[in-house]
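Form predicted on its own, single chain, as structure tokens, below.
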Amino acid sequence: MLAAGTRVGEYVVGRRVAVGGTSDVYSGRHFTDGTQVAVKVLSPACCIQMDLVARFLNEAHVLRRLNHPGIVRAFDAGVLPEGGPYMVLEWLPMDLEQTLVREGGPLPVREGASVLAQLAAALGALHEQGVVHRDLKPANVLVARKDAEGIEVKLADLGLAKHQVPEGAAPVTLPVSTAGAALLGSLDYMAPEQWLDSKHVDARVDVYALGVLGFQLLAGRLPFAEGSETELMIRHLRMPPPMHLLGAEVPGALRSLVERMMAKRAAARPSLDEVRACVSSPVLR
């Protein structure tokens, strides 16, 4: 655990604000201009696992390279004197999971549609760079603003991202070796093909996860949320989503879109451009 006042590059660390499965997040400020930031540090136990170190460094590399309004910004990255890697991110202390808990139910249709539009754009930007997020869920969506005028969100946490290298191109990220049978993702949001082979998936798993998230935003609950891991897998592989749980206030076009996004066959899912076109309809504004 970093002590308050520790200097990390051009930033000074404050208190620890979050503890994740592989990393800790601290508040921080720029040493000279006082800009508030988040300092994400790979936990010491994970620093001895080369694959986890590679994933962390790959995440920092992609975030620093991208400049998209719907993806959290990384200002800096490096290695601490103790040997662990870190990255400095924009300060966005509230995530969508916390927001949904505060709401205590579904978001208004316009807000839910707005979140889907913003995340579809952010995922599209990742996919253009050959990156599949593979772990979209409310905890990995940061809320930049939520007020009477609407909601603004940013995609975060590329720790489980898959980096696809075009044929003949040189890789720009570190290689990561993962056991073929390992489950990669968050179970409630995983596409059928992700349950069966997490390693060899494509961008369409992000469309499925976005559909699950859309269902959650509009229904106030997950489509499949009870039972054991095996039961959850069977539901994602075989059961149609319970669309009747979406209220009458959800327009038919949006209801149909969310259902198509959660299609069992990847080829039956809409493109992210289709998603954006539907949720950006004037009817939903």
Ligand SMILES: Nc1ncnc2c1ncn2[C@@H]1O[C@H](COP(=O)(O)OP(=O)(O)O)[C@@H](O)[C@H]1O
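Quantities reported herein were computed from a predicted structural model and do not represent experimental measurements. Position 1 is the first residue in the sequence shown; the rest follow in order.
Below, we turn to the form predicted in complex with the ligand, even though it does not appear here.
*Asks:* Okay, which stretch from 78-86, 133-141, 120-128, 99-107 lines the ligand in the model of the complex, with non-hydrogen atoms inside 4.5 Å?
*Replies:* Stretch with heavy atoms near the partner: 133-141.
*Asks:* In the model of the complex, does each residue in the set 23, 38 and 157 place a non-hydrogen atom within 4.5 angstroms of the ligand?
*Replies:* Yes: each residue has a heavy atom within 4.5 Å of the partner.
*Asks:* Report the residue, out of 113, 161, 207, 72, that has at least one non-hydrogen atom within 4.5 angstroms of the ligand in the model of the complex.
*Replies:* Residue within 4.5 Å of the partner: 72.
*Asks:* Though the ligand is not shown, can you say which of 263, 18, 12, 277 has a heavy atom within 4.5 Å of it in the model of the complex?
*Replies:* In short, 18.
*Asks:* My question is simply whether residue 93 lines the interface with the ligand in the model of the complex - judged by any non-hydrogen atom within 4.5 Å.
*Replies:* Contact check for residue 93: yes, within 4.5 Å of the ligand in the model of the complex.
*Asks:* For the heavy atom contacts within 4.5 Å of the ligand in the model of the complex, list the residues of 208-238 involved, in sequence order.
*Replies:* None of them.
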